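Next up: just one chain, as structure tokens, the form predicted on its own.
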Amino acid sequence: MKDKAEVVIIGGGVNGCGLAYVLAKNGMDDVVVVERNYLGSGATGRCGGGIRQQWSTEENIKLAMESVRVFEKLSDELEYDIEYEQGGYLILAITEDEVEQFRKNVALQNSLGLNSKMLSPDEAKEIVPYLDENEFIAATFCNTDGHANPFRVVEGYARMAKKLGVEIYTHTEVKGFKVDHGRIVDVVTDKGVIRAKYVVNAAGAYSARIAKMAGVELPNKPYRHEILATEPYEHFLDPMVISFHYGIYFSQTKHGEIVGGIGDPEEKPSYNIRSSMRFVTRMARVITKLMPVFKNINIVRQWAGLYDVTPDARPILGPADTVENFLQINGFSGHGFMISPAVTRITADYILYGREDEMLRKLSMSRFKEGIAEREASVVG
């Protein structure tokens, strides 16, 4: 193991590997990624792979729009097929309150250049004919939303980063830090100590635990979210379909499986990633209500992952208040995969050039102390 690096990144998911690649691509190859398990073993490898730009806050919309522009070219850039498809996102409004919120969302999205639109139930059925139009009262749609294969994105980043000189250590756990005069000097792992100029906390649901080792308190809390996949079927579903009211999402992969999940409002913060029968029954009840055609579909597996949730459901980016070289890219609240290209670009610019993007100011952890946090409304809870 190296004993010194310009940057040590904690976490081998899409943001950790993505940042390592962007840094190396721009000339900084003295980078180490430390992952306590295998690459993509955390939230990235357990997510549904959705990539949407339909948000309620300006920051998330801008981050998502920039990320889509990257995803559109990423297979060619990485010389590795990430199975990216732009089938759109169809978001269902179940209540009148949602319709009002969706109108505000679309107006903001359009003002920022995103081509999203409101739809009637009949118009939504033209996109997804199997929907039961009696179960929702409106919808929004953006045709440039889509999904990709999270494992292949991580693998693509990691392969290219290694080619460019990045060292990636899997099955290596961070045990602590040596902090001196408001800076992390050493990263202590179970395999050795690495002296670092910058340390990046990309540890997902474990980011608060990592931060605490450096004396930094993050408000992030871990929540279990479960997901399932069916046997493959002939392709019939282009967009990702979601409902914030029910907390459900589902789409069809390139290989034909239906992949989807549903949140549980009674879930408490924990690191539990066990599967449950409660999830399967809730998922089956709601998905067949919206799409009766799914009544005879066969589930082949289910699993669970962790959302790294902040009080406003938006990420924490940039330096910690009390440890200046300790950068945060966490708190994505279940949406880190889809905005990772923009987040890693912003973070790399700060490390490489000292460039403080507006997002680092707006999404810094200080917003919670200053009381200026605006909650993201468009979250699949």
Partner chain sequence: MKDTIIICRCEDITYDDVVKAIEEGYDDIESLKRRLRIGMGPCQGRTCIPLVMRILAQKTGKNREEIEPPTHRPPLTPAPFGLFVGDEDEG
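What you see is a predicted model, and the numbers here were worked out from it, not measured in a lab. Numbering follows the first chain given and starts at 1.
One more form of this protein should be noted, the form predicted in complex with the partner chain, which is absent from this view; the next part is about it.
Contact with the partner chain in the predicted complex, defined as a heavy atom within 4.5 Å, holds for exactly one of Ile299, Ala107, Ile137, Met118, namely Ile299. Interface residue among Ile287, Val187, Ala148, Ile242, judged by heavy atoms within 4.5 Å of the partner chain in the predicted complex: Ile287.
Stretch-level contact analysis of 155-163, 98-106, 121-129, 204-212 against the partner chain in the predicted complex, using heavy atoms and a 4.5 Å limit, identifies 155-163. Highlighted residues Lys2, Val22 and Met28: none comes within 4.5 Å of the partner chain in the predicted complex, counting any heavy atom. Proximity of Phe71 to the partner chain in the predicted complex: non-hydrogen atoms within 4.5 Å are absent; the residue sits far from the partner. Using a 4.5 Å cutoff between non-hydrogen atoms, Ile194 does not count as a contact of the partner chain in the predicted complex.
The closest heavy atom approach of Lys62 to the partner chain in the predicted complex falls outside 4.5 Å. Taking the partner from the other structure, the partner chain in the predicted complex has no heavy atom within 4.5 Å of any heavy atom of Leu78.
Residues of 271-294 lying near the partner chain in the predicted complex, listed in sequence order, are Ser275, Met277, Arg278, Val280, Thr281, Met283, Ala284, Arg285, Ile287, Thr288, Phe294, the criterion being any heavy atom within 4.5 Å.
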